[in-house]
Each structure stands twice: as C-alpha cells, then as structure tokens.
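Okay, so here's just one chain, in structure tokens, the form predicted alone.
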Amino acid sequence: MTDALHSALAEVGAHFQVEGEFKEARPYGNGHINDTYLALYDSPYGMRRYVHQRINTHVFREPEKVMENIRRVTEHIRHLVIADGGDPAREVLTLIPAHDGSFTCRDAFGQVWRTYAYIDRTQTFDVPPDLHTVYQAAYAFGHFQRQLASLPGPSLHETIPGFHHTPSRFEAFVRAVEADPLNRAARVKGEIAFLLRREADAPVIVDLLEQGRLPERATHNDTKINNVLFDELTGQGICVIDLDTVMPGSALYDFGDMVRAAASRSAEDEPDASRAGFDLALFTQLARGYVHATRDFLTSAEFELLAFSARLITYEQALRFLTDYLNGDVYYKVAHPSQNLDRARTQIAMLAEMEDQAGLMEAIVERCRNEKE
C-alpha cells in the first residue's frame, strides 16, 4: 500500500467514531464494485479492526439512498437478534457513525466512504468446501429474508432501477442483436436463437408482482455464497453481508440468483461449454436450506415458482452476458474478447440442463417443504 493511500485511509477513519489510533490497512475481499480495506486501530482495550469501504458512485448514483436502506435493514435485524437472545455484534453488520451522526463521509476527492465494525472469527468462501456449507449459506439467505419480512414501511429505495426486470433485459438483448455494432451476431446465431425462443418466460414474475399475485418483499439481490459470513468454529452461516442492493423485489429473485451462482458445475467464464451445466446435488442443498428457513412465511405461489425462478434468473443472466458481448463488452469487465460469450454459454448450458430436470427440481422443493430440519 502506498504512503498516499495509507494517509488517505487514516484521514477517512478520522471521520468515524472508531476506537483507537489508526495503525495500518490493507485491501480486503475480492468485490468488483466497491473498494474495501481492513483497517487496524490501537485502542485502550486492545487492537480493533474496522472495514472502510469506498462506495462506487458510478454504480450507486444515490449513495444516500443506499445507506438509508442499509441503516433501516441493519437496525431492524439488530432488534430481532437481541429479542431472540442472539449476538448482534456477530449476526448483523454494524455501521459505525461519523462524528456528525451520519453514516458516510467524503474524502478530499469527493469520494463517499462508510465504515463497518469487523466481525471476528468468521470466514467466507468463493467456492463452498462441502454440501454442509452450501446448506448453511442458503439457510442464512432464507433467514435474512424471514427477518426482512417484518420490516416496517415505507418500501426501501430502489437503488438500481429495473435490476431484475427480465422483459427489459430481453428488449435490450433484441436491440443489441438488431444493431450488431461489431458484427458479432453471425458467430452466435445458435445462442441468439436459444434465447429468443424463451421470450415467453421473461415477464412471468414481473407480471405476477404487478397483478398482486406475488408479494413484494425486501430482497438482497446478490445472493452469492461469498456474501455470507460463516463462524470459523461451527461452520454456521451467521451474517449476510454486502447490502448495497437490498431493495424491493421478489423472494424468487434471491432464490433464483443463488441457484444460478452456486449450482453451476463450472466457473462462470468456463471457455469449454461442455464442462458447464447444472449440479442437482448442489441445488438440493440450496433448496433445503432456503426452504427450511422460509417455509413458515413464503406463500404457496412463491413455493410453486422457486424452481422456475432458478431457470428465469439464469436466462436473464444469459441475456445480459450475450447483450454485452454483442455491444462490445461495455458493461462487464473482460480479460479477453470472448469472455462475455463464454459467460453466456455457461448460463445457456446450465439453463438447458435445468429445463431437462425441471420436474425433479420441483419435486425437490416440495419434499423440502415437508421434511424436518
């Protein structure tokens, strides 16, 4: 870390009500949106660790609304954890206020920062080491959804408008195919045809939400396993993190994206599509964990569409990757010219196998609703 960055982080820390004197900091985690640093402070009670995070205001254009959502959600969960006899220092993120009482500060360059208390004796996984960890992650996301089911109004801010509006994603895809600015469409006719044939799936959840046949819920919207903290000793998923995209939506979006990200047989950008696909054993543990945590409050309509939601969100992500490939890789970062195409093909391979096993997926969800934990 450069001296300039070290000094900048010390200055950021001085804006917040942290305990102790700033000693050092290092980059932390592998997030692709915000810049995150783990900072060490020497306090009268021993060393204290905090997480300083610079919010990406190109993605989150209204950081005040993001922070208002996070404040409301963490305060609500904290009250529930305390009422349940849990440990709020470990089971929910703790925002550290600035000296002016807000939860952000701006540095000399106008960049927006926030600070969290670091949760000790926890770990995260990009790739879960076993099926127990998969179950625990899914249960943690389901438990998080259950906690937010009692969040009082008004609705949270929509921090990224239209994030899971699949019909809009389909329309953007069609525009990219028609414009074809880099003449790439001819190379991917099969992939284009595959996605076009599934147009009827795009509006299913959006339409049901608009009709009031599915409830609007406060949802996480980034349910990757590495957004769960696990207790180092017990392996239990104890805290859901990365709350920037918490906003109104459907529980189906959270479950669907969790399956899309965690039940794949390959890396998201696997160049050999024959190695990509859908892992039913992983799906089973994801369904068990999520359903066990949510079966006392999700509606019958939501349960009936859980398996479908995995297919829908995988389809949506395939649309997004192929759209970006056709447009010239303007949204997702790429390391080589075909990376977005590789990403789209892994989603297509996964979706095709999900469709072949749709009946099994639905049967697994139903079995999970009836089994004991």
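Throughout, rigid core stands for the largest set of C-alpha atoms superposing within 1.5 Å between the two forms. Residue numbers here begin at 1 and follow the sequence given. Computed from a predicted structure; not experimentally measured.
Below: the form predicted together with a small molecule, not depicted.
- Of the stretches 171-179, 271-279, 73-81, 253-261, only 253-261 has residues with a heavy atom within 4.5 Å of the small molecule in the predicted bound form.
- Of the heavy atoms in Y331, some are within 4.5 Å of the small molecule in the predicted bound form.
- The small molecule in the predicted bound form comes within 4.5 Å of a heavy atom belonging to F163.
- Taking the partner from elsewhere, D242 is found to have a heavy atom lying within 4.5 Å of the small molecule in the predicted bound form.
- For the chain shown alone, E191 is not a contact residue for the small molecule in the predicted bound form, no non-hydrogen atom being within 4.5 angstroms.
- Comment: the small molecule is not present in this chain, but in the predicted bound form one of T133, T104, N227, Q147 has a heavy atom within 4.5 Å of it, namely N227.
- With the partner omitted here, the residue from T323, S309, N69, Q317 that has a non-hydrogen atom within 4.5 angstroms of the small molecule in the predicted bound form is Q317.
- After superposition on the rigid core, the Cα atom of Q347 is displaced by 2 Å or more between this form and the one not shown.
- A movement of the C-alpha atom of R61 falling short of 2 angstroms is seen between this form and the one not shown when the two forms are aligned on their rigid core.
- Comparing the forms between this form and the one not shown on their rigid core, the Cα displacement of Y41 stays under 2 Å.
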